[in-house]
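As structure tokens, one chain now follows by itself in the form predicted on its own.
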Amino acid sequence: MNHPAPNSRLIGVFDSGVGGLSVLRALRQRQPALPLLYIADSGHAPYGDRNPAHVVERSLKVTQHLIDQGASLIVIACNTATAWAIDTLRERHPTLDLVGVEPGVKPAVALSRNRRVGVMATPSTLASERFASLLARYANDCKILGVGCRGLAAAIEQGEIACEQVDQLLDLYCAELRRAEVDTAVLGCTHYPFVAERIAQRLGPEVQLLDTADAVARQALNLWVARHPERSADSGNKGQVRLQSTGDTMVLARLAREQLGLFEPVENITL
């Protein structure tokens, strides 16, 4: 398989695991011809259950690797890494285009009819100053319930092996949202869209689910075209996607195949 040379221009996407594939999927839906490199830092996951220093350290290492591979724009496809590391990354790489993901509090407040919004996210994301800032800026008259879904991202990573565990965790966390009578629920972790149907079944048709993957993809593409107008069609790298993992390559390969129809071999890397 022909890979882009290290000095070529590509978009890097990373997450602590496979969750960021939901953002990769949105990018490919908007522009199938993009040259992409996705890294699942599964060997050091989950970020959401780890301390902020660990998240910052890993984000710095993965970002440097993506730069070395030719990334001129990087999407931090992880709410926890965005919350704790994006400011440090911007300080370290001031000329690099960086796009993060955050829980969609602002659009959720706009959608809510009964002024009750639930945010499903990792405990680390909910504890961050960045999330507190989102609430201060956009919550307005809404009651926001943050549900720290400890263990859910890790269980989703395991696929069918942990199907029963995923269901048990969804029962637990969705029950909190039902008791709070929210009418809008934010999927505040990029893993959660992969179980969105199961979440919707538990919350019922009266509750709207909000996923920000498409908005993130749109922002990334706007930056990409502005910086590389000559590459907007990517005629030289049609649809080329590389997949790398610092952990179990089988997990990433399976999700990429099932969710994106990608049959690319996954490279195991050490960072």
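Note that residue numbering begins at 1 and tracks the sequence as displayed. The structure presented is a predicted model; accordingly, all values stated were derived computationally and were not measured.
Another form, the form predicted in complex with ligand DGL, is not on view; read the next lines as being about it.
Interface residue remark: Cys189 is counted as part of the site for ligand DGL in the predicted bound form, having a heavy atom within 4.5 Å. In the predicted bound form, ligand DGL lies farther than 4.5 Å from every heavy atom of Trp224. In the predicted bound form, none of the heavy atoms of Thr184 sits within 4.5 Å of a heavy atom of ligand DGL.
The closest heavy atom approach of Ala153 to ligand DGL in the predicted bound form falls within 4.5 Å.
Only one of 163 to 171, 74 to 82, 104 to 112, 127 to 135 places residue heavy atoms within 4.5 angstroms of ligand DGL in the predicted bound form, namely 74 to 82.
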